[in-house]
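Next up is one chain by itself, shown in structure tokens, the form predicted alone.
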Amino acid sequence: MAQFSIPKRDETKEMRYQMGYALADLAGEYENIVAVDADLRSSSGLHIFEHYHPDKLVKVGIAEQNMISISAGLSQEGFIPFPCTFDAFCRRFMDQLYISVAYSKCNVKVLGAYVGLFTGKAGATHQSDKELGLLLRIPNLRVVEPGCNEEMRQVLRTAAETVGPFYIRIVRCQVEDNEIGPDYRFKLGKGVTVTDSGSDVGLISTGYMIKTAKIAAEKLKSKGFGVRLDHHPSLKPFDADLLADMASKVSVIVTLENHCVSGGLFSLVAESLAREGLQIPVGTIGTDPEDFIHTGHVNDLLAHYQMTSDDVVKVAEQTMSKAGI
């Protein structure tokens, strides 16, 4: 086994490393859990899993399509495989995911690492902000994007204990252990109201953007606006009931996603509102669908794509202004 540096569990906040520990814990409980690596384990965090369970890591090399096909085969032999590679590379195995896994309802749990903007300086080709447009349209596939490490641990457990295919989006960067509350329990297909202080603005976040949404909510409240913040880690199935409840109680909505504003959270919200005949102005925070994502420092990227908490406040105020509020 190659020797990789193992960050201390109680010191690192990076979701990729906490994922490695969490998956190793689950493998200690479930003897049929295995991880499948496409030669990125030191980047994805699977090297931590390998440290504790070297006999449960299947290495396929730089062969993402084969990784998914092998995982489908493993699931049919009674294993619970967790294949992992960069989220940007899911475009390479979309056919295998669609046919070999989803069509066949195989018990495969794909870990898409390095999602969205927050990949450090890995390079523009390794960043992913368009992939949900494909993933959310695959039948039978559950798609989940946790926003903090505690939620990520609960999502992994839910995936391991729920039969069927999953796709879990994992950020590279540091996140807080718990952004939601001590009593929070993740439920597939459900969102959660994080804060509710009034009916002017509804903020809807998924994944990493819950952190930005919480900061923006406080800034809006300091300006005298009432704010409700709902977090939706489960993108497929999506909690349309929670959205409808928010839409019935606030004047405008702003969506926040670590993804382009097409094919992801905003599209889910817009489609759901239209389907239910609910008319409410919706502002968006996310990357540009017509731009190949740039690389650079996270703070520079957030500023470039206007995804900071100040930008959320600005979009919320603009959306309220258009609505005559």
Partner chain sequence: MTDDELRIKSIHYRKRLLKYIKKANAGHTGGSLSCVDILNVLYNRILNVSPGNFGEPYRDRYIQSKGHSVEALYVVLADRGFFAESELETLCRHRSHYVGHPTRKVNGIEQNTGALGHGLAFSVGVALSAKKDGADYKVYTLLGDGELAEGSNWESLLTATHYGLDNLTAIVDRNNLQLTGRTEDMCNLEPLAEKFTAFGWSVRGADGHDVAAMTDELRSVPFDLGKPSMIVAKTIKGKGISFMENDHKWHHGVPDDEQYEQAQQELDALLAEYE
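Computed from a predicted model, the values in this text were never measured in an experiment. Residue numbers count along the first chain shown, from 1.
As for the form predicted together with its partner chain, it is not shown, yet the points below apply to it.
Residue-level contacts in the model of the complex: of F89, F238, F186, F79, one residue has a heavy atom within 4.5 Å of its partner chain, and it is F79. Residue G73 is the only one of G133, G164, G198, G73 with a heavy atom lying within 4.5 Å of its partner chain in the model of the complex. The stretch among 124-132, 188-196, 90-98, 164-172 whose residues place heavy atoms within 4.5 Å of its partner chain in the model of the complex is 90-98. Heavy atoms of E50 never reach within 4.5 Å of its partner chain in the model of the complex, leaving it off the interface. At least one heavy atom of S69 is located within 4.5 Å of its partner chain in the model of the complex. Using a 4.5 Å cutoff between non-hydrogen atoms, S262 does not count as a contact of its partner chain in the model of the complex. At least one heavy atom of D55 is located within 4.5 Å of its partner chain in the model of the complex. By the 4.5 Å heavy atom rule, the three marked residues V143, E150 and I180 all fail to count as contacting its partner chain in the model of the complex. Residues D55, V58, K59, V60, A63, E64, Q65, N66, S69 of 42-69 are found to place at least one heavy atom within 4.5 Å of its partner chain in the model of the complex.
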